[in-house]
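The data below hold one chain only, encoded as C-alpha cells and taken in the form predicted on its own.
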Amino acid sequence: MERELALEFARVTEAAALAAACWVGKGDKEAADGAAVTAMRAMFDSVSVDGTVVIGEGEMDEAPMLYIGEKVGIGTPPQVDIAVDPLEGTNIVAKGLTGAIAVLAAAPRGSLLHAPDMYMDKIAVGPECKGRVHLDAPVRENLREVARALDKLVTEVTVVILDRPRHQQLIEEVRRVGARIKLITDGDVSPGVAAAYENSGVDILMGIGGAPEGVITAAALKCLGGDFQARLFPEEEEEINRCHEMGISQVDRLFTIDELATSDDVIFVATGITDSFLLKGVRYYKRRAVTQTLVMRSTSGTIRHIEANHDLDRKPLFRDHRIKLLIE
C-alpha cells in the first residue's frame, strides 16, 4: 500500500471523530454512532483505494452502511481489506467519559481475519514483552513475565480489564499477584494499543471483549512490534455456526497476531473523540475544532501524531450538522 494512503485514512477517522464528538455526554449513543458512521462513510468516497469492509457495522441487513462486504473508496488499486469502528465506545460518548476513538485498519486484500461479531478472549502487550506471555498461561506467570521484561516489580505492573461480571475471577487473580488494575467501562482498542507505549500507564490488556475490536488491536500492535493472542468466545450455538459460515472451522483455536493480520503491510489510524490512553479528544473553539490522530505503518515503522485544526464552517458535512444541532 502506498504511504499516502495513511494520511487519506487519517481524514476518514477525523471525520468520524468530529461527527461523534457533537454527542458527547448527551445520553444518545445511537445518534452518536450514526453520526460517526455517516461521516466516515462519506469521507471514504474520496479515498484512492479499492476497499472491502471486512469488519464493520454488521451484516448488510443489519447496517445501512459500512456493513461487512461493502465496497469503499473510489475503486482504484490497491485492493485492501478495511476494518472500521467509527465510534469505539458508544456508551463512553453518551456518558461523556474517557476512552472513545474513531479507528480503522487496512491491509492487502485477504490479510485481515473476518472476525464474527462476538466475544474474544485477548491478551495484548508491547514489544518488550513479545513472546513472553501466552493466553493460556496462568495469570501469575504472565504478569511475572511482563514485570521481568519491563524491569518492574509485579506490584508496579498495570493491567487493563473491562469492568464486567465475567472478569471477576480474572480480577481476583490479578489482585492476588499484587499487580495494579485499571478497570474500563467500554472500548478496549485504545488500552490494547497503549500497552505498546512506554509512558501510557498500560502494561498489559487482558480479558474478554469484542472480536472485531481484537483484529483492529492486533493490526495496531503489528505496526508497533507488540504481541497479541486471542481465542473466539462464542456464547451460543448460533455464534458457533456463524464462525463456520465465515470459514473458521476450529472455533476454539488460538489466534496469534500474525494470523489475525497476516500481511506485513498494515496501516492503523485512530482519532480521539474523548480523551483516552492514546489520544486527546476533540476540542472545540470558536467555529473550529482540534483533533489528534495516530497514524502508523508496519512496513516503515513510522508513527505519526497529527494535530489538525479544522474550520467547521468550511466543511459542508459538519457545517450543516452543526447548524442542525444549534436549531434543535
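This is a predicted model, so every value here is computed, not measured. Numbers follow the displayed sequence, beginning with 1.
What comes next is about the form predicted together with a small molecule, which does not appear here.
Thinking of Y119, R164 and G187 as one candidate spot, does the small molecule come within 4.5 Å of a heavy atom in every one of them in the predicted complex?
The answer is yes: all three residues contact the partner (heavy atom, 4.5 Å cut-off).
Pick from D203, D81, E88, D227: which residue has any heavy atom within 4.5 angstroms of the small molecule in the predicted complex?
Selected residue: E88.
Between the options E128, E239, E173, E213, which residue brings a heavy atom to within 4.5 Å of the small molecule in the predicted complex?
The residue in contact is E213.
Which of 147-155, 72-80, 133-141, 203-211 lines the interface with the small molecule in the predicted complex (heavy atom within 4.5 Å):
Only one stretch qualifies here: 203-211.
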